[in-house]
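First, one chain by itself: the form predicted on its own, in structure tokens.
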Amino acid sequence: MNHYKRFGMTLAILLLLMLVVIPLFFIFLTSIFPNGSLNLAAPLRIFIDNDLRETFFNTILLGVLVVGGTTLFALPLAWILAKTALRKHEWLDVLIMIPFMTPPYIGSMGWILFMQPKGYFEQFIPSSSKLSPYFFNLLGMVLIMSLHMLPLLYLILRNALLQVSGSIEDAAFIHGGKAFYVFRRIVLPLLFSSYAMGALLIFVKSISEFGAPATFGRRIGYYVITTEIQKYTSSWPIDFSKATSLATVLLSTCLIFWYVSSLISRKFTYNTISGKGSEGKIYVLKRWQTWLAWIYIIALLAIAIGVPYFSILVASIMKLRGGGLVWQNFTLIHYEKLLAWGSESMEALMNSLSLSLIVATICVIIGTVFALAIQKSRTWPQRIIDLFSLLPNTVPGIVMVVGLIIVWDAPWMPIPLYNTYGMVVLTYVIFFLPYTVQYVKANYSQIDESLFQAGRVLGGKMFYVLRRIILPLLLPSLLAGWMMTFTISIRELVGALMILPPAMQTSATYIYSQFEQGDLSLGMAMAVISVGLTIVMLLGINKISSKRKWSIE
């Protein structure tokens, strides 16, 4: 038994080294050997080159502003739905998750269609044409990205607020504290640790984001590191030296902020849950305050969901872009063209579906092996596997792609995988493997060891215990991991843009190319189908989570 465990852990570590760690190492190696000779200062040249330096500071500024914008939206929303009677409306949590379920590039396209000159907003309200120049700038991109990131920070802050014991706030009120004073001197300090982690997550995801900067940012001439990396690796002349320098700086920035945030979190973490069982305090709002809270929630959902989805749906059924919002200008012909068998769009959709099916299945198989090797992370090899399996989730996606291209396109690589279908599958598997590993690991950690021991005592061999005890108990997490991987991989853009073979398209690259070429209707019809599939799969995950609960006693 121990022999099989050691073999499994060794195999897992070797696979993760080859697929994840080595590509990241070669990014750094390529960046310090720009012309075949060692130059340790080469990655720092972005601070000397005026254009690259501006790109770096653009990226940092964007991340900071998105953190500020997301906080502005998420903090009041979290307080309302955690500390008032409106918390009973749990269906709001489902609606709030929709912006994060929407791929950023699709959301950006919806906002562009709505706010551009002669766009849908101007067709509704002609005088709104004066607002268009004020939207198409950095603050407009910050608004789009903040609304996309809103659900992440909202959930973190809401959960933190729910853990604040009501007795702590009551004690402050008894001693004469007013509501704002209690919020400022007690609630905010208790939230700080959770907020630091949430803000870091938002910042890292913002500076690593490609979709919104590629669609909206390029339109306003605001370039960031991710779009420049894609340019240097995909457009002639190819310059891997600059791309790896930018990738190294982006990765280093993310790691530095992760470290700083962990220090802050450790320093400002307080115990808010005790054995006394005190519930959180619920504030009673006056009628006008309740109406004000509802207005805020509805307005936020309207701009976060209503605007982009309205634009996407309308664009997908419009005959002529200049025909206006009239019934005579609506048609379903674009969906007929899109779903016509043998068409370019249908081929792209089938490519996405086949890739997602293959990738989700491979991720479940490999992820289960890794999760079983990790178990409860008691030994250092298990902790190494756990750390390496999470790296693709903590490293910016475009950085991971650059590393994979360098390794698999190297002259010494014996397997000619680059520029093939297999390279696409490999990239997607590396991207989305952490989701399956975490789903299965979380479920496995809840299984009592006595079940396995009972199986072995009664004569069951290792594979019998695995087949008859472990896998049946892990089935809900396996299905949830499979569906989550399928959902995310079907909309992947940055990896597809950089590693797809020339004659191959997916639904994401098809949408992106149609938007770039000005054929919006077909692209938006594909977006509707992609988002629809995403919503259906996520509803399936929720159904599995609610109906397939396994109790182990």
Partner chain sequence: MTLLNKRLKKRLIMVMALVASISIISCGTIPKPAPATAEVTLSGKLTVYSAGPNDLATNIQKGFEKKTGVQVEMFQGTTGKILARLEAEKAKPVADVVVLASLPSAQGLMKSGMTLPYKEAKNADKLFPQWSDQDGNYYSYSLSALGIAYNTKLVTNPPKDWTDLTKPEWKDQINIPDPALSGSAADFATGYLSVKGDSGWDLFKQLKSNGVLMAGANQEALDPVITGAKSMVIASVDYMTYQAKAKGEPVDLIYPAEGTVISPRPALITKTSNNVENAKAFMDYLLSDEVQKMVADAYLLPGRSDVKVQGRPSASEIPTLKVNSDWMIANQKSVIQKFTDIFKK
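Numbering follows the first chain given and starts at 1. Remember, predicted model here, so these are calculated numbers, not experimental data.
Keep in mind that the form predicted in complex with the partner chain is missing from the display, and what follows is about it.
- Query: Ok, Met484, Leu500, Ile32, Val528: which has a heavy atom sitting within 4.5 Å of the partner chain in the predicted complex?
  - Reply: Only one option qualifies, and that one is Leu500.
- Query: With the cut-off set at 4.5 Å between non-hydrogen atoms, does Arg87 touch the partner chain in the predicted complex?
  - Reply: Judged by the heavy-atom cut-off of 4.5 Å, Arg87 is well away from the partner chain in the predicted complex.
- Using heavy atoms and a 4.5 Å limit, would one call Leu417 a contact residue for the partner chain in the predicted complex? Yes, Leu417 is a contact residue.
- Task: Indicate whether Leu11 is a 4.5 Å heavy atom neighbour of the partner chain in the predicted complex.
- Result: Answer yes; at least one heavy atom of Leu11 falls within 4.5 Å of the partner chain in the predicted complex.
- Task: Report yes if any heavy atom of Leu520 sits within 4.5 Å of a heavy atom of the partner chain in the predicted complex; otherwise report no.
- Result: Contact with the partner chain, yes.
- Interface stretch in the predicted complex with the partner chain - options 313-321, 382-390, 146-154, 243-251, non-hydrogen atom within 4.5 Å: Single hit among the candidates: 313-321.
- Query: Do heavy atoms from each of Pro117, Asp409 and Gln514 fall within 4.5 Å of the partner chain in the predicted complex?
  - Reply: Heavy-atom distance to the partner chain in the predicted complex: all three under 4.5 Å.
- Query: Which of the residues spanning 326-362 lie within 4.5 Å of the partner chain in the predicted complex, based on heavy atoms?
  - Reply: Result: Gly342, Glu344.
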